[in-house]
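Two forms of the same protein chain are encoded below as structure tokens; each is given separately, as structure 1 and structure 2.
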Structure 1
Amino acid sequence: MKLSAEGQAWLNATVQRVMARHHVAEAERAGLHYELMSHLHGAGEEKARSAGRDEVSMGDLQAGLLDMGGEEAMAQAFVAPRAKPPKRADIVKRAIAYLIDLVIVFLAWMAVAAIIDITLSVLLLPFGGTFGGFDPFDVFGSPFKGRGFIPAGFGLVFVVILGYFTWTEGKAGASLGKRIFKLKVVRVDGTPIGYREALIRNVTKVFPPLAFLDALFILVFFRAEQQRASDRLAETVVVEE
């Protein structure tokens, strides 16, 4: 039996909402998605048939969902039994992932700094500027040192670190270091995080000693949840995929 375009869109959106209510392992998602789509469509089809129509409408699907007790009940019936409480990530893996991330950001920042430095040097040449101001070991200030362009150039590396973590985790739930260990940041309820959570939980990472203090909360206060203080604030946890 045909399905109206409106019904199709509603079906898709509804199934996605139902699935998002629980954390399901990546490998099971596709199968479950198909199953839910097929089942809910079957319920709607029955409604349409008993009403003597030959196309399943959005209303039929909604009536079918209501018979099952609504989205929450459907999630309880279909998704919850397949949901696995995600395993909390090992603290050592998290620490190593963080160090790897810092190295990645450090190297990338050096490359960017070098490019900025050389570009500025070339541009400043006609005005008496010189090459060779780039100091690879002075990551904080090198591109702008002594030029008076941005006296606060020192702070730029903080922005770069925070930007890196916020972008990678907000977009896909994992920084490059986390990917290596198959770690993922999710909300406490298991659903994916967004840029907001990524920003909040990564502020302390710009300054390693601060990140260390933040991580101490895992050992002292939030052992069961394995949350840093800023994880607590962002309502996030790191899990193993």
Structure 2
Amino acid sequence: MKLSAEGQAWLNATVQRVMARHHVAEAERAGLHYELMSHLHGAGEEKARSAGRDEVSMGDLQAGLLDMGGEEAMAQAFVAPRAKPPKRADIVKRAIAYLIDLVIVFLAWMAVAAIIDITLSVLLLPFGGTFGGFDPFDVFGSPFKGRGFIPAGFGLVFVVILGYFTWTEGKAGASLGKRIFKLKVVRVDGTPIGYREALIRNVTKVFPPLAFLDALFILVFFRAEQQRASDRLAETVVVEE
């Protein structure tokens, strides 16, 4: 039976919320997603058919879900039996993934710094300005050299580092380095994190001494939990998919 556009959007969002209530292995997620979609769609079809309609509306789907006891009951019936406690990621894999991310961030910094350097030079040409001479190894000051804007270089480093980790982990739960090793950041209950958790757990990475102390917490205090201090604050863990 045909599903209305509004109903389709609601169905997709609802199934995502139901699946997020428990941690399910990546290999099983596609099949479980299809099963939930089919079951909830079928419940909506019954409501539409009993009302004499040939299109399933969002209201039909909501009524079908209500008959099943709501999202929590649906999660308990379909998702919970397949849920498995996530395996905490090995600290060595995390460290190597972080080094890969640092290389990516450095390359991103060079690209952004070069663009700013060239742009500023072009804008200053009418006023006697010259090309600043981008030096990729002058990480903090190159694009602002000779212009009194060196503090802005530190600000750009802050934005690039924190922006990269917050965006990649907040959007998909994993930075590019973590994806290589099939690692993912989740909440302690196994559900996906958001941008808030990603921001909290990554803010120390902007300051190398704090990043070192943060990582040291794993070895000294939270080795069993495999959590950095910022992970404890954000209530997150890094797991293997």
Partner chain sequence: MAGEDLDRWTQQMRKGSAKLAILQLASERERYGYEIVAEVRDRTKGALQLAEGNIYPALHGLEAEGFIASQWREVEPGVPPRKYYKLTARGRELHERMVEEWKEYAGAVGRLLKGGS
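The structure displayed is predicted, hence computed values, not measured ones. For the two forms, the rigid core is made up of the largest set of C-alpha atoms that agree within 1.5 Å on superposition. Numbering runs along the sequence of structure 1, starting at 1.
Asker: Only one of the two shown forms is the form predicted in complex with the partner chain, so please name it by number.
Answerer: Only structure 1 fits here, because that chain is the form predicted in complex with the partner chain.
Asker: Using a superposition on the rigid core, decide whether the Cα position of residue 38 changes by 2 angstroms or more between structures 1 and 2.
Answerer: Yes.
Asker: Does residue 53 move its CA by 2 angstroms or more between structures 1 and 2 when the core is aligned?
Answerer: True for residue 53: a C-alpha shift of 2 Å or more.
Asker: With both forms fit on the core, is the shift of the CA atom of residue 67 between structures 1 and 2 2 Å or larger?
Answerer: Residue 67 C-alpha, core-superposed: shift of 2 Å or more.
Asker: When the rigid core is overlaid, by how much has the CA of residue 8 moved between structures 1 and 2, in Å to one decimal?
Answerer: Superposing on the rigid core gives a C-alpha shift of 8.4 Å for residue 8.
Asker: Once both forms sit on the same core, give the Cα displacement of residue 20 between structures 1 and 2 in angstrom.
Answerer: C-alpha shift for residue 20: 2.5 Å.
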